[in-house]
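Have a look below at one chain only, the form predicted on its own, in structure tokens format.
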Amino acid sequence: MKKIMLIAAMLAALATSALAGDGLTLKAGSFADAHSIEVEFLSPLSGLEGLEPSHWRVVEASSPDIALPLEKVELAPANPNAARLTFRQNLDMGQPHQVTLASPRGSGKIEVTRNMLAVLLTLFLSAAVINNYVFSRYLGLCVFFGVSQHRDTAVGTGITFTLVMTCSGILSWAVFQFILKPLSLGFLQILVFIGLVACLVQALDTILRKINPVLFKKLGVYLVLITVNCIILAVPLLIADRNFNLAESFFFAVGAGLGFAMALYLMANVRERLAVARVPASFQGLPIAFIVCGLFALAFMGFSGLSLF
């Protein structure tokens, strides 16, 4: 009889402990998007009972005393071992975040950081392919149609634009971060960025005139138009708006430049073939070029919404 009572007491204690908590332990975490963090447990989740928002505390590593406002906690859609924490404000994914759980079901503390290699590769491919400046954003079309008639001119222009985009992106990042932002002069960024690009284009004009006079002559007026070209100015403005760091700015600018160079080269190949094709008279010249550009844009729309990491 005593043995039976002892076994019953042990079972009751086990049941109580199971109801009070199932020993959940935090394993790892990652940023799901700009508003949420996905935390993974060592064991599968049977539900979210006992995992209320009040049981979580999430802070930035640089500001450990300020808890971020948590809106809701839900099961992760694709991982049975994970929960998703959604916040009321955008997360600064450039900062490490500390996630602490203290609930009847379990406890733990982890640090959530971004994989910088994955971030940089995503920025590069996004600027070059997914959000291509010509076929997705429709920027720089005047230069695009003006110099995409021959492959050699397209290659030279693509290299030129990539150099200007990269240099202007890095210089504008430095000026914005160390001069405009500390002095609260962000409203002057367009004027300042135009001045930086103008200086770079003037230097490039002198270099091309001496090194490659043929390409200099083919670019003609389009070289001067680089100064106020929308595709050139878009890179510094987006870098400042998204608050990229130096590495992110570099990969973003290089991706944007190479994406524009790729668009030029693809278009030049097609237009050289169209020059000897039997195109109806009403479609010759720019009309057929716009149609081809539209077909390229439709093809690049297939990359929209693509998530790499």
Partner chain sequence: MSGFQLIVRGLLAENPVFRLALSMCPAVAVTTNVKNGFLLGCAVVFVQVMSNLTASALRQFVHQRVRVVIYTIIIATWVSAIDMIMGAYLPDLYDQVSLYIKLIVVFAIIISRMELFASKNPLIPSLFDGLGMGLGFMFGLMMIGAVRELLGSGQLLGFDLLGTKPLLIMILPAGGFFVIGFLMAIFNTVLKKLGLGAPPAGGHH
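All values derive from a computational prediction rather than experimental measurement. Residue numbers count along the first chain shown, from 1.
The discussion below concerns the form predicted together with its partner chain, not included here.
The contact with its partner chain in the model of the complex, taken as any heavy atom within 4.5 Å, belongs to 139 out of 99, 139, 175, 91. Interface residue among 125, 159, 234, 196, judged by heavy atoms within 4.5 Å of its partner chain in the model of the complex: 234.
With its partner chain omitted here, the record of contacts in the model of the complex names 129-137 of 78-86, 105-113, 207-215, 129-137, defined by a heavy atom within 4.5 Å.
Contact check for residue 31: no non-hydrogen atom falls within 4.5 Å of its partner chain in the model of the complex. Among heavy atoms of residue 166, none comes within 4.5 Å of its partner chain in the model of the complex. Taking non-hydrogen atoms only, residue 229 approaches its partner chain to within 4.5 angstroms in the model of the complex. Using a 4.5 Å cutoff between non-hydrogen atoms, residue 238 counts as a contact of its partner chain in the model of the complex. Residues of 281-297 lying near its partner chain in the model of the complex, listed in sequence order, are 282, 283, 286, 287, 290, 291, 293, 294, 295, 297, the criterion being any heavy atom within 4.5 Å.
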